[in-house]
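The data below hold one chain only, encoded as structure tokens and taken in the form predicted on its own.
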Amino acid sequence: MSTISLSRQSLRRQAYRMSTALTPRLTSRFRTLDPVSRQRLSAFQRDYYKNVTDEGDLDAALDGALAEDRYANIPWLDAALPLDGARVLEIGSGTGESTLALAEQGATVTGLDVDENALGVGRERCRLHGLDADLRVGNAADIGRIFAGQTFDAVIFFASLEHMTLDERLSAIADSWALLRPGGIWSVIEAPNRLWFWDGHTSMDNFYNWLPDEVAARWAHKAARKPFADDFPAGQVFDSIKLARWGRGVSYHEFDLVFGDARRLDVVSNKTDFLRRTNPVMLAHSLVSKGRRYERFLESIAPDVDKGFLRQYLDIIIRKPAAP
């Protein structure tokens, strides 16, 4: 990763710290590691990522991911549902940065991920911070079976919904909604929006998420993101599962398929606009960005669609109707 890219990420994380939503109640619960524990966790992470060749993924494995969870995601989620004492189902726990950020705020976290090795890092991260979390291996498409009879105050899909096949995605949305208590919140975080002109997640190219799967797979060897391009050499037989696992966009259309009409959902908040309201740096950046101009274009075309479905990433919180 270039020095410029690292500097941009560092500046963004510094900007998150200026949020007015980052209250002393939240920051007082942040836990730090002593040098020995930090070294042990670093060794766990490096061992897990030893075969990773994408420098962007390596950078995300370091402190930056936890900082982004603490300073951006936690204030946003907590504003919709106080996390202290909340029963949270986190789908896409990975190496546990977001799990830790939730647990240190007092949430009882049950996490699910398909990668047992990543969960091993997550368990060690929580243990070293003196926190507990129930981390399980499994596919989100099976959550109805895995968590049968249980209910949660919050369900969070963290950078995971976009890595599923369409059938898996629809099943996971419907089954997780059924696990949510009336009045609880359902959230998706960092799911790239299929409607957006730039794919900053998988290919790092314009218009990629607009392509049909077969075109996307055949064109992938031309993508700007080298590890992705190398995994799809020219002439390779089309593999829809492989393409889905790298990550395809998500849009409000899946929610239409599950709920009948996404316009009827109680979308409490989207993170993009929340950060702009609570952070002067994020607001100032949006006023001059190309992305804001494109948002306005989408809003003019689909004024009846909630704005959270028209941002670059689907970072949305939906509240389940309270029981009558």
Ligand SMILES: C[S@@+](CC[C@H](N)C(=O)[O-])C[C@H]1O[C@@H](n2cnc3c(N)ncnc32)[C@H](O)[C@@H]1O
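When you see a residue number, it is the position in the sequence shown, counting from 1. Small disclaimer: the values here were computed from a predicted structure and weren't measured.
Not on display, but discussed next: the form predicted in complex with the ligand.
### Task
Decide if the three candidate residues G92, S98 and E168 all line the ligand in the predicted complex, where lining means a heavy atom within 4.5 Å.
Verified in the predicted complex; spot residues all in contact, yes.
### Query
Between the options G120, G144, G249, G138, which residue brings a heavy atom to within 4.5 Å of the ligand in the predicted complex?
So the residue touching the ligand in the predicted complex, by this definition, is G138.
### Query
Tell me, which of L83, M164, A133, L195 has a heavy atom within 4.5 angstroms of the ligand in the predicted complex?
If I apply the 4.5 Å criterion carefully, the residue I get is M164.
### Which of 212 to 220, 154 to 162, 175 to 183, 232 to 240 lines the interface with the ligand in the predicted complex (heavy atom within 4.5 Å)
One stretch meets the cut-off, namely 154 to 162.
### 4.5 angstroms heavy atom contact with the ligand in the predicted complex for D78
Close contact is absent here: in the predicted complex, D78 is far from the ligand, nothing within 4.5 Å, heavy atoms only.
### Query
Is there a non-hydrogen atom of D113 within 4.5 angstroms of a non-hydrogen atom of the ligand in the predicted complex?
Flag for D113 set to yes.
### Message
Is it the case that R245, even though its partner is missing from this view, gets within 4.5 Å of the ligand in the predicted complex, heavy atoms only?
### Response
Although the ligand is absent here, R245 would touch it in the predicted complex, with heavy atoms inside 4.5 Å.
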